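Taking the form predicted on its own, here's one chain by itself in structure tokens.
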């Protein structure tokens, strides 16, 4: 039934981690909640169903994370990947709040496991979901049903009525018909515009035709565009996003995290001309894997090729598709349809430049090259043990960073500096406040969980209490609270 979608306290637009964190948190406060998910039920949860972990601050070992990961170290990692393009206040608030996320998630039914191995090196910094992101989201939806949150699927929001910073109503296409939905407060948690190919081409030009979209085809950015048109201040740039080098054979949409290739730091990467173009061993893979999509996007025909030998096999997460293989580099180049002489010369130059060291993929080791441009600064081993292997790489776009500017209460900020009256935002649609560029593994889920919880609590508080008497939640008390 779609004739009774109005008269609720909090409308949540979106169905992923941030949206459900907001919905559940609003319900905890006592608000009535409606969730509009544009996807059908079988494909619900946006990009969150492809995730597997979140990055968490902790001062001591936990049952799923080793050692300690302090606020300052976490913030240093954010600074490193963004090049300083972050809002420090919001970033540190997110970091501190991350310490409470796993316990809150457990109360919603989410279960955790110890970190995976391979090249991820995340056992100390990230908590992994048992069963991955889909299991996490199934737990959220089960909890939503138990507590009385209504979810409508195949409900794409195509228009928003906003007057002077106040949300009035949303128009959603439900079962092919437009339905007006009214609510006291709205939480926008509908993701970026990465599945809107026309918008991508506006930002990137024709290069975008060669991008693969790692996640959901339902994130078209319609809610984002409507809110920007209605005076919400933007943050971030249209050409910035979480873009990973993924298997060139991955599908156009929804390939997910399994299409990522973790072998780059163990070999070399050449472009269509057979040239190396970046340091494959610059830093640990969780801090650098997300720059490789953009690097490949800037190469001829937006493609690259990772070349490794038999010594590397078994040292990285297995790929979904088997690599191309050959007994010598020339034969491998032929299979890849690359200039044979150039690839052979590139590999020889690399091998000749490798310096002896002690290989250790768990640390920034002393295996490096000397005399190359670019150098490989860590994990440089000669590519000399047949058979030889190669993977084609394409830019795999996960989500975009152009979004809505928010404050520490997750309240959308209007042009001119005022906060929106009843519009909140969480997740990918506001991630540009913290990630101006770059990415470090698991932080997207962290931002979505933290701001989803804050947006839900703040939205519910506003919906349940008159504006004249309502006081904003003391966010610092919330993020420090021991769940």
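Numbering follows the first chain given and starts at 1. Small disclaimer: the values here were computed from a predicted structure and weren't measured.
Not on display, but discussed next: the form predicted in complex with a small molecule.
Taking a 4.5 Å heavy atom cutoff to the small molecule in the model of the complex, the contact residue among 110, 157, 91, 383 is 157. Exactly one of the stretches 269-277, 102-110, 187-195, 231-239 approaches the small molecule in the model of the complex with heavy atoms within 4.5 Å, and it is 187-195.
Among heavy atoms of residue 398, some come within 4.5 Å of the small molecule in the model of the complex. Although the partner is absent here, residue 18 sits close enough that one of its heavy atoms falls within 4.5 Å of the small molecule in the model of the complex. In the model of the complex, the small molecule sits beyond 4.5 Å of every heavy atom of residue 125. The closest heavy atom approach of residue 11 to the small molecule in the model of the complex falls outside 4.5 Å.
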